Structure formats: C-alpha cells, structure tokens
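Heads up, the chain below is alone and in the form predicted on its own; it's given as structure tokens.
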C-alpha cells in the first residue's frame, strides 16, 4: 500500500519550463513520427529517391559522354545510340549544374511531393479535426497559431527532405564533376537560390496543406483536390494560353508559379524558361503570396471557431 500511495501522490514537474515555441517543435516531432510509421510513406520516399538518382547519374553521364565519347556510338541494352543524340536528349533537362538543373529537378520531384503532402495533410491535420484531437491540443498552454506552426514545421521538413537536400547534393556533385575551384565560387548564388526555392516551397505549400486538410479532413477528397490543383489546372492553363495567347493564364497553375519563383531565386534568365510564353517573375510572386494569404485567412477563421474547454 505504501508503494501505491507513493505512485498516486502528486509529483511536480522537475524539468526546465519552456515557451510555447517548444510545444510547436514537439508537435512537429510527434507528427513526423506518425508519418514514418506508415509504409506507404516509405514507398513514396523510395519513388522520390528514384527521381533524385536519375538526375544524379544523368548529370554524371552527360559529363562522361561530353568528355570521352563525343564522336562515338555507345550501346544501351544492346542498341547502338549516337552519343551526340543522347547528349541532346539529356540537355533538355539542363543537366549541367546551372539554375535550370535544380529547377527541373524540383519540377519533376513535385509529382511525388504532391502525393506525399496530400497524404500527410490528412494524417497530420485532418485526423485532429475528424477525431476531436484539436481541442485537446488547444487546452494546453499553447496558442492556436503555435499548433499551426508545429504542423507547418512537420510539412516543411518533408518538403525540404524531398527537394532542398537532394538539390544541395546535386550542387555538390556538379562542383565535383566540373572545375570545383571555380564552380563553387562562381555559383554561390545557386546555393542561395536553392535555399530560397526551398523556403518558398515550405511557406506556400505547408500553409496550403494545412488549409486544405482543415477543409476536407479525409484522405480521398484531399488527394482529389490536390490532383486538381497540380494536374488539371496546369492542363487548363496550357489550353487557355494556346487558345488566347495570353501568358497570364498560367498564373492559375500554382506549381508553375512556384517554379517561376524558384527560378527567380536561382537568378535564371526569364527568356530561358520553358514552355514559353510565361508571366513575369513578379506576377508569379504575387499569385503565390495571394494563395498564402488566403490560406492564413481561412485558417484563422476555422481554428478560432474551435471551442476549447479548460
């Protein structure tokens, strides 16, 4: 009985008290642990690695062909292929360590990133609303925006894991393949651009993930909406541009806007952006900022409507 009485007594907190920002970090850690337990996420991570390895080895292949086999014929799967034609095909991806190398990588990585974020939104935020967990979080000494910040940190970690970190690895590889003494010094703006691109994706997409997850909550409708945003809208914008010849119609394509913002961070020439025509960089920034502001306004209205019983 004495041992039971000891266990039932009040035991004061002996740790170091921290502010609400530490609670946001704890929410982010718990959210990431919840995601890594799902096997589907590991399969999507493996698919994202395939995209990275394609760019990683293709960048090396371009240098190898250019330096040693520029006038010869190579064989792939027993089929002779002109090295010059193969280099021309790979050049479309700009695998030469320039701004378009990293822009194209993030563009293609986005197909996997969209699926990851759609599933992550339903797991991290949708379930909190569907199962009534949000009032429990808000009953603690943290504010509503600290909850949003914690979830955005978790989503941002996924975004940077799939885009920024692999892009940094490609930048390091490009320096090793070319003259590293001049490449790294002459392309520090690309390094800063990669971080700027990652920050742009983190802020805009994390807010969009949280907002759509609060709105829809469940996985199936969330995936359908995200496929509409990042698959149907690009197709629609392309048709409208071809029909009207007004490049401003591309502004309804959020992923293209983020791509333009990323190329602006990487200091890429606007005339070199494909496909043409494209809206100006400032228009893409304005459209992206408008989406972020709309998400913040929606989250403010929905989260403040949650009743908390202390």
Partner chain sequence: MSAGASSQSNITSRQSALRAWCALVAQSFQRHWRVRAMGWIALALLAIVVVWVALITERGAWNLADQRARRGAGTYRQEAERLRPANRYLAFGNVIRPQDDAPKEARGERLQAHEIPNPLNPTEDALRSLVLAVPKAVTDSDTFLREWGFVTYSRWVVHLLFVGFVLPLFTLAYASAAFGAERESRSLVWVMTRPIPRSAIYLAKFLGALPWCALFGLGGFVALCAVGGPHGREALVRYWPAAALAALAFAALFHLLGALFRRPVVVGLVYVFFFEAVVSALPGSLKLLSLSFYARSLMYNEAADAGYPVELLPAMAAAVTSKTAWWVLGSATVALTVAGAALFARIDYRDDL
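Positions refer to the first chain, counted from 1. Note that the structure is a prediction, hence the values are computed from the model and not measured.
Another form exists, predicted together with the partner chain; not displayed. Remarks below refer to it.
The three residues 189, 254 and 270 each lack any heavy atom within 4.5 Å of the partner chain in the predicted complex. Note on the partner interface in the predicted complex: the residue among 243, 36, 46, 30 having a heavy atom within 4.5 angstroms of the partner chain is 243.
The partner is absent here, but in the predicted complex a heavy atom of 119, alone among 99, 119, 152, 170, sits within 4.5 Å of the partner chain.
Not displayed here, the partner chain is kept clear of residue 180 by more than 4.5 Å at the level of heavy atoms in the predicted complex. When the partner chain is considered in the predicted complex, residue 160 lies well away from it, no heavy atom lying within 4.5 Å. In the predicted complex, at least one heavy atom of residue 115 sits within 4.5 Å of a heavy atom of the partner chain. Residue 218 belongs to the set of residues with a heavy atom inside 4.5 Å of the partner chain in the predicted complex. Residues with any non-hydrogen atom within 4.5 angstroms of the partner chain in the predicted complex fall in just one of 231 to 239, 142 to 150, 162 to 170, 198 to 206: 231 to 239.
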